[in-house]
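Listed next as structure tokens is one chain, alone, in the form predicted alone.
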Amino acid sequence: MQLGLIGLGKMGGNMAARLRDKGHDVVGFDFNPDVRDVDSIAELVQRLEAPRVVWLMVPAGAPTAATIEELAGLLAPGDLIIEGGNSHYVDDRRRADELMDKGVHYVDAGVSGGVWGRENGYGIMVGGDADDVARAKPVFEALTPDTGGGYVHAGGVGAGHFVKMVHNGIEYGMMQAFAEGYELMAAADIVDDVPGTFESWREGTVVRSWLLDLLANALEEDPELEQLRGYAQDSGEGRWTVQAAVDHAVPAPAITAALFARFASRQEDSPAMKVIAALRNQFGGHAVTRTVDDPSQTLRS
């Protein structure tokens, strides 16, 4: 089928390539003139045959909102927008209602697979009306793994991004567990081969996974992880997952702790731990490390 694709970065560009490999006609737009097929979103809409299908792979938030607003003024009744970024599911529902007033249909699609998706296929989690989803099914099938699986029509509008949000929250927890296991083995004087241990877990164990494969690859390239800084950003879905857990009174301690661990990674010198150190000094005379004049100076009260 024919598809317009807006956003040809690391994810969108590889998705366009995979779709073309599968025989689909992709008209792509990006602000980078080196990768786009048309010079504007208006030209992209003109190039597509009605009824049109346009897939967005742009950053969530203001960029997505602005792109949808522009498309709403260009598309015709019966056209379909697929929002493939990481939008908040609440925004999906509002946008779908606003677009339907113009006769434009809306589907939300959570996409997982990262930079490996072109080769291995993507996980696609879709929310929307059954007829709209069926219309775009050939594209979903082309993007998912050749071996089968990797696709779900999770529910109505918003469901695709909701389950992708939960997926990413689970990912936070899994990554944190591997990270803590690494630090514990590295700190202990009993384990001589930490990278080899993770490598051995890739086969036959209950923790084998693609994330474990990626960690083993990273440790093979840099066994001591000396080229990296212990800083981890969060992209928003972890926060939304924790908020959704609060909204629905669902306990999610592992995901919540993993999110807070990322916050802690960004602190050069934790104000909270300064309070802990000060209190320990006050009630027990524990050592206090002064950081203003001489970071190595330790005073005892």
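Predicted model only: the values in this text are computed from it and were never measured. In case it trips you up, residue 1 is the first one in the sequence shown, and so on.
Form predicted in complex with another copy of the chain: not shown, discussed below.
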- Flag this candidate site as yes only if 145, 181 and 208 all have a heavy atom within 4.5 Å of another copy of the chain in the model of the complex; otherwise mark no. yes
- Task: Report yes if any heavy atom of residue 235 sits within 4.5 Å of a heavy atom of another copy of the chain in the model of the complex; otherwise report no.
- Result: yes
- residue 133, heavy atom within 4.5 angstroms of another copy of the chain in the model of the complex: no
- Message: Under a 4.5 Å heavy atom criterion, is residue 252 part of the interface with another copy of the chain in the model of the complex?
- Response: yes
- Using the partner position in the model of the complex, report whether residue 99 sits within 4.5 Å of another copy of the chain, counting heavy atoms only. no
- Query: Exactly one stretch in 169 to 177, 99 to 107, 134 to 142, 70 to 78 has heavy atoms within 4.5 Å of another copy of the chain in the model of the complex; which is it?
  - Reply: 169 to 177
- Message: At 4.5 Å, heavy atom to heavy atom, what parts of 34 to 48 sit next to another copy of the chain in the model of the complex? List them in sequence order, or say none.
- Response: 35
